[in-house]
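Below you will find one chain, with nothing else, as structure tokens; this is the form predicted on its own, and questions on how it binds or moves follow later.
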């Protein structure tokens, strides 16, 4: 297991040379990442495995930061990184602890990836559909440990899967916590509906009521709430602290970011700055309570709380990002939401989303939807998009479902970081979306 034998005392002594001012923060970030992949069509898939490891040293001082990162882990590499951040000659810093290594990583094969692709295609066939699929299945694993001059928090470990299915009409993807029968059925259902939606009529254009299923609601909340309340986004328009106490949504909307409450495999107790994660109320009854903040933002404020810093790689500085969003359930069943909605769209999943941080406009794309007529499910529609201003949409919340479903909200690519984000959300009924094909 990586990082179990790190000499934390020796590392802390080296880092203490850099943190020579009372408000300095210094950290050493150690990382090992593996990826096993299986690509191609069933019966002719090629497997590949790669492992990378490295470290980074970073100093945060007075709202500015300095980062030195390298591939590989050794006393010499660590010593050079400390010297670069300290802006000193290598001989001027204390010797690095010895030994300093990552440790061993257990091997994993790609056989379960190929088996999963076969199971999905069998589930597609059971739905009386057939089409060629080019699979790109990957198992992602990452071990990391962040050490400071005073703190030595525990190692963090992530393990999950990504699935991309390329067909003649689309490239569809999702994140999965396990490659079990339930996951195979879910992927098969989505691909089959996307296949049949090719011949379905376009969705109606113009203002429309929309019921977002749990998976779609998770993506919407990531774009409309999490991204909107990251301190680097808030900083584009002024002081992030000014968002505290602002009403952003209707009374019934309670949204929490809870990394420690995420499913096993992606659960986190500390962030990538080595600080404890917190159960953070982003919105409480629709009012902004605590944005997602990293140490740089929190160091400039007495009201912002750090602990939400993430980094996709040791070569990038941490940034404030969500890990695991939780939308607290309401009281309505999915059937009652659709019945109360009456006419509109049921959007079960979204293929991608984006937020313009300056205008607050969100745009969401879906691969298929179901029309709602008289409060009942009607025909399938083809691909389309939804758009609107975040504050207007969150203010037009009409109902929250009672049954939350966990899952992956997708890849977040903001600011050059590629991060897997997760959520647990019930269905949402929102009016005032602009729809189109």
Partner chain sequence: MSGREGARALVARLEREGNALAEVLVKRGRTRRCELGPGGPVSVLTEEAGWAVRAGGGDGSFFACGSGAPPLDAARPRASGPALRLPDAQPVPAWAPSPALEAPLAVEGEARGLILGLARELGRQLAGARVLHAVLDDGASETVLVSSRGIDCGFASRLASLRVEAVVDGQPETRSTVEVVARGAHLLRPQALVRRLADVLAVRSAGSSPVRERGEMVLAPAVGARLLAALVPLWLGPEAAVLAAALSDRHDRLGSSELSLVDDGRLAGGALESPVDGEGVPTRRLVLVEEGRYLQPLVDWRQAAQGTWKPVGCVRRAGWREVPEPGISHLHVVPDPEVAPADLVSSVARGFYLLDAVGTPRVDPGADRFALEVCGFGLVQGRARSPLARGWLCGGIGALLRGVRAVGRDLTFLPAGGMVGAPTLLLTGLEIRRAL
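Because the structure is predicted, anything quoted here is derived from the model rather than measured. Positions refer to the first chain, counted from 1.
Although not depicted, the form predicted in complex with its partner chain is the subject of the following passage.
Taking non-hydrogen atoms only, residue 235 approaches its partner chain to within 4.5 angstroms in the predicted bound form. Looking at residue 70, you'd find a heavy atom of it within 4.5 angstroms of its partner chain in the predicted bound form. In the predicted bound form, at least one heavy atom of residue 53 sits within 4.5 Å of its partner chain. Using a 4.5 angstroms limit between non-hydrogen atoms, residue 358 touches its partner chain in the predicted bound form. Between the options 63, 375, 406, 379, the residue in contact with its partner chain in the predicted bound form by a heavy atom within 4.5 angstroms is 63. Checked against its partner chain in the predicted bound form, the residues 227, 324, 145, 314 give one hit for a heavy atom within 4.5 Å, which is 314. Look at 292 to 300, 245 to 253, 189 to 197, 124 to 132: in the predicted bound form, residues with non-hydrogen atoms within 4.5 angstroms of its partner chain sit in 292 to 300. Contacts between stretch 5 to 43 and its partner chain, counted in the predicted bound form as any heavy atom lying within 4.5 Å, involve 39 alone.
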